[in-house]
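One chain follows as structure tokens, the form predicted alone.
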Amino acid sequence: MTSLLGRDRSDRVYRRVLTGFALILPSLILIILGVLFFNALPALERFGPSFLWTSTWDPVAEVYGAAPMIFGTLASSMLALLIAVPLALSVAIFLTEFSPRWLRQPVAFLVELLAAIPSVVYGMWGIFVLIPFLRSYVVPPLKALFGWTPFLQGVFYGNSLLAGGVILAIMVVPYIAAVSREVLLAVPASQREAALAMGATRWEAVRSAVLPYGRAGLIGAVILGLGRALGETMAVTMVIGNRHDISLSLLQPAYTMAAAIANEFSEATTATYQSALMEVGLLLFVLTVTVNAIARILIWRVARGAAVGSKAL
């Protein structure tokens, strides 16, 4: 009896210790949010909501507005998704549905290995390889075909929103591809078999049964990639140009919230300047956490077998 009581007491202690450890990580999120909010409070009180849509960033006059940073962050991330999503989904579909068995693991390993490359290495590659390639082989034909649009106006010098979007696309491909692959693998074999039994081809089975069943999870994978792109710092800082301006042209330099914090925090010598950068950090924190939370919820829906569009046939 004494032995049983001792083991029961040990179990309670063990459970409480694990519970404490499990609560540490959510507490860290609240602590980070509290620190950012407390330090950003002077800027919040001084500039109010206009901080979100004004473009002036003048440390000398102590006037700050984050609109160009917000625009650059969203524009570069959306451009990255336009490039990365078709590529990542194609890789995921190929690996789960069409690839020979002997090729699946090597290709999946190499794609996921892209996520292990340091951000600064991507930035160096962007400066010495990507920008010259864009300047010589991509931008001239694009300007010839679509130069009349506002999205390709101006002279392309290299560091630009286009370069930042392309480097981000390369960086988020492994995240979207890996999660999409797991989502497609979670689709029951009965979905494929039912479509094939009704006379569908392999591709028609994927299009009519597999993709609709895992739609919520695939959307979650895309949003997860968006969250990764929103918070990327070093590689984007090295190739996007870091100009505090709003331009519709992909060929012009831009600025992101993460790049502004990395570039200017060491130079922020006044309390207002530091508080304005803290408010930028608060905005970026709330944005990325919200995006990632939405992505995780959508992916969990597929994992629990409650994907939107499960009635595919």
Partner chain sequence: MGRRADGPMGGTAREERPVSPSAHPPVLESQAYSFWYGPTQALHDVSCAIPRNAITALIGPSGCGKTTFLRSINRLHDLTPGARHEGDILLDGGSIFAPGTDVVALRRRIGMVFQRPNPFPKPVYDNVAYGPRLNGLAPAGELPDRVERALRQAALWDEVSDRLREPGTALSGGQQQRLCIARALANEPEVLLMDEPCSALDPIATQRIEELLVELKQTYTIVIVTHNMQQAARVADYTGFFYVGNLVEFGATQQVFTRPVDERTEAYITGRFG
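All of these numbers come straight from a predicted model, not from anything done at the bench. Positions refer to the first chain, counted from 1.
Separately, the form predicted together with the partner chain exists; it is not shown, and the next lines address it.
- Interface residue among 149, 119, 208, 99 relative to the partner chain in the model of the complex, by the heavy atom within 4.5 Å criterion: 208.
- With the partner chain omitted here, the record of contacts in the model of the complex names 189 to 197 of 189 to 197, 227 to 235, 106 to 114, 119 to 127, defined by a heavy atom within 4.5 Å.
- Although the partner is absent from this view, residue 243 stays clear of the partner chain in the model of the complex, with no non-hydrogen atom inside 4.5 angstroms.
- Of the heavy atoms in residue 204, some are within 4.5 Å of the partner chain in the model of the complex.
- Not displayed here, the partner chain is approached by residue 212 to within 4.5 Å at the level of heavy atoms in the model of the complex.
- Shown without its partner, the chain has no residue in segment 253 to 269 with a non-hydrogen atom within 4.5 angstroms of the partner chain in the model of the complex.
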